[in-house]
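A single chain, nothing else alongside it, follows as structure tokens in the form predicted on its own.
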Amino acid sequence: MTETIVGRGASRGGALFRDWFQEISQASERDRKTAYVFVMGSLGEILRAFDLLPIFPEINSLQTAVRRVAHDFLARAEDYGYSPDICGYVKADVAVQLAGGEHPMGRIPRPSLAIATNACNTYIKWAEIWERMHHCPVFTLDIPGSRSASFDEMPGSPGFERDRLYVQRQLEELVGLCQSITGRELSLDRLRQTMAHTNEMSRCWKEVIALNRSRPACFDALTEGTIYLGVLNALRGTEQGEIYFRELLEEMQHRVAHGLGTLHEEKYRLMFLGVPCYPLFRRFHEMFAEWGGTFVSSTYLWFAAGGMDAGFQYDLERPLESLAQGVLRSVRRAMDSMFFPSQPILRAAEEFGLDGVVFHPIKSCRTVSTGLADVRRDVMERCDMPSLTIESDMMDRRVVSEAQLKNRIDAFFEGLASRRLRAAGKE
């Protein structure tokens, strides 16, 4: 049993991801309409109800970095006139569009529709590029964010209901736009079906994250977690996605029950803030794993999941109203994990038994990186938690120095080891 179930999530996730890219590559040949969307506020449930295939340019871009060819795409966009300071995801996607959709995983089709949210300040300008290139309709979903770190209006409160109704009216506009693009009416039964699949995926994802409180951690939030996130976004609202996450939860429960960790020996339990270093993805992990460091938690598992880590469940009897509530809560939660992360970090420190926190600001993404220094200072003032700040990038290997990263990481672990000796009275 152990031999067949352990590692199933990673291997099956990779296979599903390749199948999804194949489906994308065949979309043009099959005259299937597509929608360019973002992981925060993808509205996959509505799109799949209209048989519009969601395509995630963020995921397409990071795949070029994981496969170590991002530099070619970045250079193509910069030669075209885009500044080196612009988000690497945007530039890689621009290069894909300029190359007629050519991509290491297949061929990306032109969009029939583009959907942007205000969850990231780059999304709206990025969608304008597609509008200029492809002359496709662009729908911008405006999600009211939290007013402050302590803002916590819940469903039923006047403020939340005003915001929910505001989002619902926008979703009704989107439904009308999808009807005009596809030439078909919205089937509420089909919408409920996609929402039911998402409900189960969301429930399982929340439980999977919680299981990493175990000792040893049952998965690494940075490496394995990124695979799971890819499936979570790409197959949101599908039966395949639901089956995958049920099986993933089963695997993690099995690992916990049998004391199976992600490392041979887990010595330090860490939390990661930011976006992974994709140009050195495997080596980045190894520099921590060599010291027995495991990332048991990551804000990336929150905001890159569009808030699905909260386990929100749609009310299928009120599909559009509940969808508006879910989108509002999930996207707002995703934004909060970037803008107000101090309190969740403090909770995670206790719940996951953290030994340290790693802050990872990157050149390409100011939305995620801005304020991390202030967050680190705030966390250090409120709890006695060792932390490390290392800078690199999610796409551009020109600003990533493996030697500098290793020096900083080694010094961090040496400090953790010394701290542990002092606590044991041996130094």
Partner chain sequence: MKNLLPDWTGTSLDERLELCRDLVEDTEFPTVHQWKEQGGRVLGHFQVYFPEEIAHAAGLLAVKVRGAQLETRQAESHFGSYLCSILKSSLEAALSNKLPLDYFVSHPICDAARNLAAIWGRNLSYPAQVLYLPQNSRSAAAPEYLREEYRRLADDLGGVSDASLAESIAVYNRGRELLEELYRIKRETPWLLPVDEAYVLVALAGLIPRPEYNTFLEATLPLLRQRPARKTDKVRVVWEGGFCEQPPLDMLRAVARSCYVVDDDLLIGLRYILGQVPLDGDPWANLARAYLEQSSYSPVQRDEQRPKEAMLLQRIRDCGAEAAILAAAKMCEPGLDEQVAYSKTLDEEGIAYFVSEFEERMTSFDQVQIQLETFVENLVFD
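Residue numbers count along the first chain shown, from 1. Note that the coordinates shown come from a computational prediction; the quantities given were computed from them, not determined experimentally.
There is also a form predicted together with its partner chain; it is not shown, and the following applies to it.
Suppose contact means a heavy atom within 4.5 Å; in the predicted complex, does that hold for all of 211, 224 and 414 with its partner chain?
Spot residues vs its partner chain: no contact at all.
In the predicted complex, which of the listed residues (100, 259, 81, 183) lies with a heavy atom within 4.5 Å of its partner chain?
It is 81 that has a heavy atom within 4.5 Å of the partner.
Here the chain is shown alone; which of 338, 271, 275, 231 has a heavy atom within 4.5 Å of its partner chain in the predicted complex?
When its partner chain is considered in the predicted complex, the option within 4.5 Å is 338.
Picking from 310 to 318, 214 to 222, 249 to 257, 86 to 94, which part of the chain touches its partner chain in the predicted complex when contact means heavy atoms within 4.5 Å?
Checking each option against the 4.5 Å cut-off leaves 86 to 94.
Can residue 31 be called a contact residue for its partner chain in the predicted complex at 4.5 Å between heavy atoms?
Answer no; every heavy atom of residue 31 is more than 4.5 Å from its partner chain in the predicted complex.
Under a 4.5 Å heavy atom criterion, is residue 124 part of the interface with its partner chain in the predicted complex?
Looking in the predicted complex, residue contacts with its partner chain include residue 124, since a heavy atom lies within 4.5 Å.
At 4.5 Å between heavy atoms, is residue 325 in contact with its partner chain in the predicted complex?
Flag for residue 325 set to no.
For residue 242, is any heavy atom within 4.5 Å of its partner chain in the predicted complex, or not?
Contact with its partner chain, no.
Hey, which residues along 104 to 123 are within 4.5 angstroms of its partner chain in the predicted complex, non-hydrogen atoms only?
Going through 104 to 123 in order - heavy atoms within 4.5 Å of its partner chain in the predicted complex - the hits are 118, 119, 120, 121, 122.
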